[in-house]
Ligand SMILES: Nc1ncnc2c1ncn2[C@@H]1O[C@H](COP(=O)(O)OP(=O)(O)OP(=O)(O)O)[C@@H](O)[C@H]1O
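Presented as structure tokens, the chain that follows is alone, the form predicted on its own.
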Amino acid sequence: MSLEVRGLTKRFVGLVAVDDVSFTVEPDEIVGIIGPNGSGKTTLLSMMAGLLTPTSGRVLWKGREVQRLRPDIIAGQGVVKTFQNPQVFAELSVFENVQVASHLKLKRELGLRRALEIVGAARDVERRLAERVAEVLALCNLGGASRQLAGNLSYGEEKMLGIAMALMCEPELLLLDEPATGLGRDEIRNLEAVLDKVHAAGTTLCLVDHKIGFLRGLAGRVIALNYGQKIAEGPPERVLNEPAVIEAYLGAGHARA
């Protein structure tokens, strides 16, 4: 059930944001994608999730091309993306926000609500979905905040709520866009613990982030980008010591040192 990126390219007017990038994400992996600002990381992740259509190249999920499918269809097939700044409903509770995200799971597993009502199963479905919401909130260490309004959450809690909403779709592959950006040290530790639990439960992870230390401790493999091109791939320590990666982050003088 691997995801394959083959020669993926995205051109905007006057800019090549991603340039002929290829790699795979294998089942049960944690893959990190790094690179300086403007290197194409988020654009790449967005194409993998169907939020942007590639100029050329292919994205294959379980051997089938998905790069021109709608994001909701890709998500329904098991590839779900979070956002750097989660879109939450501030006026709803944490629990209610995650309930809203349950519609994809309901559609995928049980069909349309109308069909359920015909057989009298709607109430039982609602109960089981509520149980699943509680499980996801506990997994994300948000159980104590379930009745709190989303608009009253800290930034770190709001980002964790975004992850909980994505997990409600029961992804096989979770794409995370800058999950640690803007978080304090304790919040990053909490994020690491949650992602370890999510991975241990069987979800494959692919994440973009600026925090090298965070990715070094979490990812088994790292892909480095610069100016839209892949410049290194491999175990974190090896990639972070590549001259091209050092130069991309710190300049040519540091790469020669």
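Note that this is a predicted model, so its numbers are computed, not measured. Residue indices: 1-based, along the sequence shown.
The form predicted together with the ligand is left out here; the points below concern that form.
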Indicate whether the ligand has at least one heavy atom within 4.5 Å of a heavy atom of residue 213 in the model of the complex.
no
Quick one: does residue 146 come within 4.5 Å of the ligand in the model of the complex, counting heavy atoms only?
no
For residue 246, is any heavy atom within 4.5 Å of the ligand in the model of the complex, or not?
no
Do residue 240 and the ligand share at least one heavy atom pair within 4.5 Å in the model of the complex?
no
Specify the contacting stretch among 63 to 71, 32 to 40, 214 to 222, 195 to 203, defined as having any heavy atom within 4.5 Å of the ligand in the model of the complex.
32 to 40
Counting non-hydrogen atoms within 4.5 angstroms of the ligand in the model of the complex, say which of 141, 84, 99, 93 makes the cut.
84
If you check 187, 178, 158, 172 against the ligand in the model of the complex, which one has a heavy atom within 4.5 Å?
178
